[in-house]
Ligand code: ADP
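Next up: just one chain, as structure tokens, the form predicted on its own.
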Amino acid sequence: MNELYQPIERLPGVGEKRAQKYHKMGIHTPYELLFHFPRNYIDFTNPVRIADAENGEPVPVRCTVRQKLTPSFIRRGFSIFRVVVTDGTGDLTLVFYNTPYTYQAMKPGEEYYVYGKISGGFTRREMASPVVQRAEGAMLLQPVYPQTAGLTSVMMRTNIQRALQYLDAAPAETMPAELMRTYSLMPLVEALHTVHRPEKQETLAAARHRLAFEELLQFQLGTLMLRHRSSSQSASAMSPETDLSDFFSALPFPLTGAQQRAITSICRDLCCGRPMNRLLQGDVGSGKTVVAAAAAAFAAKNGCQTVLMAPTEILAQQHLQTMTGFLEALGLKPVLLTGSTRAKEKRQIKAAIADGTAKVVIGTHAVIQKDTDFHSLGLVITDEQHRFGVAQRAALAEKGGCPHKLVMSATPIPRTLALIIYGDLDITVLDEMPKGRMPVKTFAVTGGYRERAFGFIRERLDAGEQAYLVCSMIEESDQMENVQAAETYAETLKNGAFSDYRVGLLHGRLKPQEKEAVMTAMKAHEIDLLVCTTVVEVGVDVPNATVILIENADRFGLAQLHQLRGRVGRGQVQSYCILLTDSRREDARERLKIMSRTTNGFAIAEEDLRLRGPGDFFGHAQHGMPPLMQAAMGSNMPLVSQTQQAAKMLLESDPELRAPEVQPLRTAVLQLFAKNGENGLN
């Protein structure tokens, strides 16, 4: 067997223990390790003179070891090591905490590159915990890798170097020669060597371009092939004569024009005999759930079951309540199936699903378990699709053979990016808000206004309302001194500015049940002020929450800020969003001004794309989708157009990629979509 595809634990220097850490990162073979790309690079190509280096900014310095000071043993288990270096323009003391290896390895009289933040005054300047490498044979562009606990960049660099040797022994190329010529692409082996061991910025840019091109091309080929296959399949053809007048007349409000158009498009798809694959995209509060309810009513009138899957139990319960309100006038009673449903009730619900009595099923991952059988599943709806991913969507779809699929997302996505992520779906946008909904008033202010903001929040809490306070870190960090940490912050507020109120805490390190409990307490008004990280970004509808204050708002992307702002303004009372920042950077202030000027999520998303590039648009990884890591590095929308053009060109002449010259590319696409189950590519 090719050594590149053997288990990662067989790679020299890895072993069972380190292999487990790689498995957590989704890396199981040396070949997969080669596609774990650096998140950035430390650039040693233009070292700064010690005399010219500014305090507080990370800089590279080329220097010679002048003196190694005696180690200081502060207490058991804590030691400090110091090395004095010079470059002729000044001296610098390197400080290492509990790292004797680097200290011992540095030799007086030898030259080194060091990188880090300089502090101190004229008499003594220091660089704490620097990155160090010998000047002889140094990597002037040193890769820094996304890590997990127990795996450092140094370890990864060593392991990747060995994997590259395997690649050289059995060179591979996934792209057809004609495509490489047409788009001037670097060969794969050269690109992988360059991205992991770059020698200059120009070749690194070419390597990134090649890898970004292939990553996007594979994904777009896969989604176009899925679209082609689904269009050739057959699904339950429902009757265009189906009457929804009783559904509409029972609604307590008039539908917007956008909602009416969306329902018309969905019902037309349900009648065409081919599986519907549609994305329903709408800002927070645009009324996606009533559109989903109309689709479920249409399916029920045609003898078909509908299942709606939400990412959390509390959201599933929220959907149950809302959908029941829309559907009970038609005699439809949705059922709820989640992991915490009691065993006896679960058996009864699954029996009702299996015999077709339950026409509308709402749940979490429990609905895709093997022992959940549907009688006549005709429509699959997933909420917040990016929280599930392609694999789970496919697992749910397999329950019904070839059901219609409706994907809902409250994350505004620019159309160009939506075409990449949802290339196999038709897109419907709810671009009109229901009448009477008040826009959230947004204010961007400096930290000097914090106490005034706290006073305003207390006024709202005294009026019986609730509030969120968002910060971007969970614990204190040496590297981000100015970021308020949620745990410390919550304690400070409990004992200080909000000591007379019920303060809750929500962050990503809580267990799922703990998160559910906190949000349930918030919804029940057992919490007045919820201190949280961005885990609250997509969450529960708490109409009584009217204020959200976001600390260090400049650290968030615009789309993420808009999602956070969507946690308030869900009731009949005027709501407010306060963006706090101490950043003096002009671009940061401009971004926050955009937030203050508009509440249109799609306009904000377009600005975010323009300012930040495609990247990880949602702020977290896409399950079953490529991370678009290299595309994020390039932030290059013309590349998207190129790969779309290339994918269409390849598939026009060879819809299944069967020609010999594209077999390696086809294999790569199949591997990428391998988790899609029977509804994927195989």
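Start at 1 and count along the sequence shown; that's the residue number. Fair warning: this is a prediction, and the values are worked out from it, not measured in the lab.
Another form, the form predicted together with ligand ADP, is not on view; read the next lines as being about it.
Residue-level question: is Pro434 within 4.5 Å of ligand ADP in the predicted bound form, judged on heavy atoms? Yes, Pro434 is a contact residue.
Is there a non-hydrogen atom of Asp541 within 4.5 angstroms of a non-hydrogen atom of ligand ADP in the predicted bound form? Output for Asp541 is yes: heavy atoms within 4.5 Å of ligand ADP.
Using a 4.5 angstroms cut-off on non-hydrogen atoms, would Thr581 count as touching ligand ADP in the predicted bound form? No, Thr581 stays farther than 4.5 Å from ligand ADP in the predicted bound form.
Does at least one non-hydrogen atom of His209 fall within 4.5 angstroms of ligand ADP in the predicted bound form? Residue-level check for His209: no, no contact with ligand ADP.
Which of these stretches, 284 to 292, 545 to 553, 600 to 608, 334 to 342, has heavy atoms within 4.5 Å of ligand ADP in the predicted bound form? Correct option: 284 to 292.
Ala299, Phe374 and Ser376 each touching ligand ADP in the predicted bound form (heavy atom, 4.5 Å): No, because Ala299, Phe374 and Ser376 lack any heavy atom that approaches ligand ADP to within 4.5 Å in the predicted bound form.
Which pick from Thr256, Thr533, Thr382, Thr442 sits with a heavy atom within 4.5 Å of ligand ADP in the predicted bound form? Contact residue from the list: Thr256.
Considering ligand ADP in the predicted bound form, which of Tyr115, Phe498, Tyr489, Phe326 comes within 4.5 Å of it through any heavy atom? Looking at Tyr115, Phe498, Tyr489, Phe326 one by one, just Phe326 meets the 4.5 Å heavy-atom criterion.
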